[in-house]
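Okay, so here's just one chain, in C-alpha cells, the form predicted on its own.
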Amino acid sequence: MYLPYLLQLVSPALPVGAYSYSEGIETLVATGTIASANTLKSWLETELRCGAIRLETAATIRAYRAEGNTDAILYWNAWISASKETEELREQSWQMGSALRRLLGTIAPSLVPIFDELGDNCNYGIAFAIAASHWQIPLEVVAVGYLHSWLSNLVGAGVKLIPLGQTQGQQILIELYPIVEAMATELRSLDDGDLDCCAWGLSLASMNHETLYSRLFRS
C-alpha cells in the first residue's frame, strides 16, 4: 500500500511552503518573457528537459537508492546544495526540506537519526527521497511524483501571476505529462557522469527576483 503515501507526499496540502515559491517565474512574468499559457508551457518544458530540476531529481533518485548508506545520503545532500546557483533557490530547498524533515520526525520517528545526521540544511529532494524509501514507494513513481509536484506548483504560480484561468493551468499539466514520464524514465538510468543541465535562464531570473518592485513569491 504505497499509493496513499505517494499522494500525501505530492499533495498541495503537504505543509512545506511550496506555494510561496515561483523559482524565477515571477521575474519572467514581470519582464514579459512569460506572458501566456504557451510561453509558460514552453519555459516549463525546457526546464524539465534541460534545467536544474533535472539535476535535482537525479540526485533525489540517488538518495532514494542509498537507503541505509548515510555517507551517500549526506553526499547527495551536499551535492544538491552546491548545485543551487542562487541564494533564493538554495534557501527554498533548505526551507522546504526542513519543513518536511520536521513533519516526518513526528509521523515517522524512526527517521529522526538520519535527519539528525543531515542537520538544518536538508534539501527538499533528500527529505522526499528518505520518506519515499521509508514508505517503500517504487522508484519509478517516486521520480514521476517528484517532477509532478514541482510542475504543478509552478503552473499554480503561473496561473496567479500571468494570470491564467484554472482550465488553462490544467491543460498545461496534461500537455506536459508525457515529458514528465519521459524524464523520470531517463533520469533513473542516467550515469553520474551525465549529470548536467543548462540553467542559466533560471539563475538570471532568480538573481533578479530580489530586486523586483513588488513580489508575491519568495523566489
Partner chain sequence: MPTTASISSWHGKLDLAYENRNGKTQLIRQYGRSPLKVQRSFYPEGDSICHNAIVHTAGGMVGGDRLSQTIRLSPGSRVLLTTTAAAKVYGTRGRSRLHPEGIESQQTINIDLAENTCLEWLPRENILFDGSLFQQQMRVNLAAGSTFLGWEIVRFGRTARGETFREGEYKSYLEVYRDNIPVWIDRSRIAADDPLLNSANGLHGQPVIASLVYIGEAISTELVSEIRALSDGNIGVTRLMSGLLCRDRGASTVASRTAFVAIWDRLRYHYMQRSACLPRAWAV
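Positions refer to the first chain, counted from 1. All values derive from a computational prediction rather than experimental measurement.
Absent from the display: the form predicted in complex with its partner chain. The rest refers to it.
Only one of 124 to 132, 140 to 148, 85 to 93, 106 to 114 places residue heavy atoms within 4.5 angstroms of its partner chain in the predicted bound form, namely 85 to 93.
In the predicted bound form, its partner chain sits beyond 4.5 Å of every heavy atom of A99. By the criterion of a heavy atom within 4.5 Å, G68 is excluded from the residues contacting its partner chain in the predicted bound form.
Using a 4.5 angstroms threshold between heavy atoms, G201 counts as touching its partner chain in the predicted bound form. Heavy atoms of T46 reach within 4.5 Å of its partner chain in the predicted bound form, making it an interface residue. Of the residues in 181 to 199, those that come within 4.5 Å of its partner chain in the predicted bound form through at least one heavy atom are, in sequence order, D192, G193, D194, L195, D196, C197, C198, A199.
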